[in-house]
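Here we start with a single chain on its own, the form predicted alone, put down as structure tokens.
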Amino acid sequence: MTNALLTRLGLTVPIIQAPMAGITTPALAAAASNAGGLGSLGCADLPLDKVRTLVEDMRGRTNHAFNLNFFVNQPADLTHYDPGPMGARLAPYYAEFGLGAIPSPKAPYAPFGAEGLALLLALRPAVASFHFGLPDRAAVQALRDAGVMVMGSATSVAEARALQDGGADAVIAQGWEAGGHRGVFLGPLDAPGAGTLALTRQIVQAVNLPVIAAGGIADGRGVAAVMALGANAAQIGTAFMLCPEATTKPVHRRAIANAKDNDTTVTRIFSGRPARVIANRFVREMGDAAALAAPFPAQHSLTSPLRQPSHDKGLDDFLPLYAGQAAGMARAVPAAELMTALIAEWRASSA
């Protein structure tokens, strides 16, 4: 299975650089692909013309396989949402920064749909990966018929089986340790999840597809560990966020560089969906208000006005500091150098 996965994608090492929306760049992803892994671009919050431009840039940097990632959540239904309670909680922060009236919630971007599918079929990346489920079966089949490998994230065995039934070519087992948005699409959003090691092994046993382990993997020893459990590759995200090629903001970089093992938490307060972040003032003070959040991704429209003033003051108080539990292991080195280290560590641990 491992050799088949690597052979299909032309990879020489089982390392996938995670598609972190707002963080990844063609330079970062190309460095991972050129080193023999799979580079990824997070496209969920981007206009489709921007995706096309990034892919053109990417193809100018590498001839190797890469991955484009999209969100397939349901559109935000605000019909019965009352913004009053959340607005009341946010009002003191808006006043603190002189931001004026709190806006009406609205979705800042649309989920993957027909136009996204048409673009993928035109661009034909080696891999298209999806968060929060999969597109419908016809769209998945169209991608597969075009030679695009389809991957989806699962936070449970039930989700892994659903991805297999939906036509996925591979499953990303996203453990509880993973940074950023949890890919949960079956069951309660706030249900506690299994850790990467437990989840990976159970998904390997449950599906007949290649499995990619994700969450809390920050060095080559972690890659070797999940491979020993039957994973076909490891997906690594936070460890790349200190690379100069990443667009991680200075205050976010500082928070990751100083992070300790228990500094992260899972919250819905920034976007309306559970995401692992480094805890800061906003997370601590708004921790009891998750039930008031607007449906994903409309909550972003209420919290994002607080971010620029926080940046301007050099503070991380109101920023979504996405990071996994192994954030403290991130290395501030160029992506190619990081890949070289990850590969050497993996090989030494696998010998």
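The structure presented is a predicted model; accordingly, all values stated were derived computationally and were not measured. Position 1 is the first residue in the sequence shown; the rest follow in order.
Same protein, other form: the form predicted in complex with a small molecule, not shown, and the subject of what follows.
(request) Give a yes or no on whether each residue among 20, 71 and 215 has a heavy atom within 4.5 Å of the small molecule in the predicted bound form. (result) Yes, because 20, 71 and 215 each have a heavy atom that approaches the small molecule to within 4.5 Å in the predicted bound form.
(message) Heavy atoms within 4.5 Å of the small molecule in the predicted bound form: which stretch in 31-39, 281-289, 304-312, 317-325 meets that?
(response) Of the options, only 317-325 has residues within 4.5 Å of the partner.
(request) Report yes if any heavy atom of residue 178 sits within 4.5 Å of a heavy atom of the small molecule in the predicted bound form; otherwise report no. (result) Because a heavy atom of residue 178 falls inside 4.5 Å of the small molecule in the predicted bound form, the answer is yes.
(request) Considering only heavy atoms, tell me if residue 237 and the small molecule come within 4.5 Å of each other in the predicted bound form. (result) Yes - in the predicted bound form, heavy atoms of residue 237 and the small molecule come within 4.5 Å of each other.
(message) Can you work out whether residue 241 and the small molecule are in contact in the predicted bound form, taking contact to mean some heavy atom pair no more than 4.5 Å apart?
(response) Close contact exists here: in the predicted bound form, residue 241 approaches the small molecule to within 4.5 Å, heavy atoms only.
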